[in-house]
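Heads up, the chain below is alone and in the form predicted alone; it's given as structure tokens.
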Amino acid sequence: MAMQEAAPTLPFANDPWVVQAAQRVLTFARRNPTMALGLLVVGTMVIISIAAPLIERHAPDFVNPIDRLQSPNRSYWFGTDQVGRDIYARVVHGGRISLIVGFSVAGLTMAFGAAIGLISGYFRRADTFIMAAMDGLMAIPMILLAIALVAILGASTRNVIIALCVVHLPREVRLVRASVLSLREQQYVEAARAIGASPWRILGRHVFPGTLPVLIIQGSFTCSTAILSEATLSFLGAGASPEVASWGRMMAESTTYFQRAPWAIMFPGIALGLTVLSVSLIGDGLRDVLDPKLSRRT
């Protein structure tokens, strides 16, 4: 009697570490479905943006006037714009700008916001001057201040990041400062102060860890807002350099031809909306996970 061949198995399928990791991922997804969905979409966007040169069908800056305003077809999956450029390639490459700006602005504002907020909340003399400066920045509408800064510095991705960091920094500072004002009155901080610990040691070891939940949650929302702000600046012509593919600039360039070629606005708009929504879902999930009150209820 012939022996039946064993069914092929995936490599490492029986590895205990892999099985345990898969179980943890599934458990996390069941407990935090919205956050898991946001991470999945953002992770997909990151992979697509990194692999853009490998999956593009045409160069994003290749102009072919003969094929202008082509509807989606086999050669141009997302159609073409008013000068014959492949919208699919430009959408894929445009994700790089949005994600770089979003992650960079979130990371920089978290770092500088934490440092300035800790100093402002703990040292009363510095608090007056720091908060006066932050209130002055917040008095100016965000988009107007960003446009003014980009106009002064020049149109480039780096300058857009700098401008958006300045715009979003005051909110990060105020949140960290509020947390520090509450934490500095806690008994363990008073005990550290009583035994002679230096202010910088108290801030670094006892106060700063308590501000991390608020800092991380606000950072996720700053990321989504920065992505949307970058698209707004590009739409208004004050974003990255004109030769760089950007979702906001793509929509701005196609407004004149919207009735004839709605796909030229639809596809970059969908990509922008999905990215902003996914980052916001991650922020909501982080708030549910890191909020102590919600954690006690579950």
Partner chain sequence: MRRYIVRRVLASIPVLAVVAIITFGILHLTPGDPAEVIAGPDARPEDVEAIRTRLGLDRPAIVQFGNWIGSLAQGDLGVSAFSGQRVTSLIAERIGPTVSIAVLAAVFAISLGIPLGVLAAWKANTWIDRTVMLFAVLGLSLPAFLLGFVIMWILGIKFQLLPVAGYARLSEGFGEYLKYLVLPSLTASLTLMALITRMTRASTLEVLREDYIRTARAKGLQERLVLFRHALRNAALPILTVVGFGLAFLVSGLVIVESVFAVPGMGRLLVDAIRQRDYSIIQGVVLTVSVFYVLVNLTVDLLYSYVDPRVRY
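Owing to the predicted nature of the structure, the values given are computational and were not obtained by experimental measurement. Numbering follows the first chain given and starts at 1.
One more form of this protein, predicted in complex with its partner chain, exists but is not displayed; see below.
Q: Quick check on this chain: which one of L181, V83, I140, L212 has a heavy atom within 4.5 Å of its partner chain in the model of the complex?
A: Flagged contact: I140.
Q: Going by heavy atom distances of 4.5 angstroms or less, which of A115, A126, A191, A148 would be at the interface with its partner chain in the model of the complex?
A: If I apply the 4.5 Å criterion carefully, the residue I get is A148.
Q: For the spot marked by A132, L228 and F258, is every residue within 4.5 Å of its partner chain in the model of the complex through some heavy atom?
A: Checked in the model of the complex: all three residues contact its partner chain.
Q: Tell me, yes or no, whether I152 is in contact with its partner chain in the model of the complex, where a contact means a heavy atom of each within 4.5 Å.
A: I152: yes, in contact with its partner chain in the model of the complex.
Q: Mark F235 yes when one of its heavy atoms lies within 4.5 Å of a heavy atom of its partner chain in the model of the complex, and no otherwise.
A: Judged by the heavy-atom cut-off of 4.5 Å, F235 is in contact with its partner chain in the model of the complex.
Q: Using a 4.5 angstroms cut-off on non-hydrogen atoms, would G273 count as touching its partner chain in the model of the complex?
A: Judged by the heavy-atom cut-off of 4.5 Å, G273 is in contact with its partner chain in the model of the complex.
Q: Would I265 sit within 4.5 Å of its partner chain in the model of the complex, counting heavy atoms only?
A: It does: once its partner chain is placed as it appears in the model of the complex, I265 has a heavy atom within 4.5 Å of it.
Q: Just one stretch in 85 to 93, 102 to 110, 152 to 160, 117 to 125 has heavy atoms within 4.5 Å of its partner chain in the model of the complex, so which one is it?
A: So the stretch in question is 152 to 160.
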